[in-house]
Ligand code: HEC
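Next up is one chain by itself, shown in structure tokens, the form predicted alone.
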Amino acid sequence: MKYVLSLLIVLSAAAVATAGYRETFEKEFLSKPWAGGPIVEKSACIECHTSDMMKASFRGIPDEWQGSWHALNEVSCHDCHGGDPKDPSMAMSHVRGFVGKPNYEDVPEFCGKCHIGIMKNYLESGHGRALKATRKGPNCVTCHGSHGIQRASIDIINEQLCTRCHSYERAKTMKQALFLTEKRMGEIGKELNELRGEGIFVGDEEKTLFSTQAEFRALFHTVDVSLVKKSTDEFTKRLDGIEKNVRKTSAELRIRRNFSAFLTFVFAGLAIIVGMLARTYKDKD
């Protein structure tokens, strides 16, 4: 009898411990990369730009970049400007593809090396045509800045920025056309982050959301309000699909939590009962 009671106690404790381990495993391990974080390598570009020999106006560039969306996604100096950041003697070598600062009218093509869809839509827009015709129209840097670039948001459409070139009325209409879809994408993104924080794999949904956001924001660069409104239904359907999967995953997570709590309660109760029986049996001895 003693052995049976002891075995029941061990099994109860093991079950509770396993449930706790599983929860910790899902939260702390599955939601994080193997290496724990990116390895920061030395860069001749940053070392030079932060040195005393650099012009004061250029020294702030690394700090701007380090606080940017590019830096967060490991897009570094050479990814845009070329050159070899590991070799100071070749950091500004044209042999290694160094291009330095582009001419004002060439900025769209410069950024378009990565942002291909956006560049295409921009060049066909009123903004792009104005730039190519007069070399004075707005380019990427006009709205997004150069080195301190932040994550895309409709907040960039604001009266202070847009009235530098024209009235705010048309821009305001565009912002209104974008608002509901952008708001919904933000809410879905938040839900996915919460699920990932719980150790749930949501990689497929995140990829779909990312591509949907990218296409929608690329469409904005046409500066064509009617086209944005016309395409809204298509993007809404895509978001419906992502949201359906999110709701399904959230429901499964709630069931798992409830079941885990139920098992913990049951085994805790069993442990108490077994303990009481063991004490009674001992008293009889």
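Since the structure is predicted, the reported quantities are computational estimates derived from the model, not experimental observations. For every residue, the number given is its place in the sequence shown, counted from 1.
Heads up, the form predicted together with ligand HEC isn't pictured, but that's what we're talking about next.
Think of it this way: in the model of the complex, ligand HEC has a heavy atom of just one of R151, K190, K207, K183 within 4.5 Å, and the residue is R151. Heavy atoms of no residue among V202, I242 and K248 are located within 4.5 Å of ligand HEC in the model of the complex.
A residue is said to contact a partner when one of its heavy atoms sits within 4.5 Å of a partner heavy atom; I157 meets this definition for ligand HEC in the model of the complex. Looking at N73, you'd find a heavy atom of it within 4.5 angstroms of ligand HEC in the model of the complex.
Proximity of R256 to ligand HEC in the model of the complex falls outside the 4.5 Å heavy atom cutoff. Using a 4.5 Å cutoff between non-hydrogen atoms, M92 counts as a contact of ligand HEC in the model of the complex.
With contact defined as any non-hydrogen atom lying within 4.5 angstroms of ligand HEC in the model of the complex, the contacting residues in 132 to 167 are K136, G137, P138, N139, C140, V141, T142, C143, H144, G145, S146, H147, I149, Q150, R151, A152, S153, I154, I156, I157, L161, C162, R164, C165, H166, given in sequence order.
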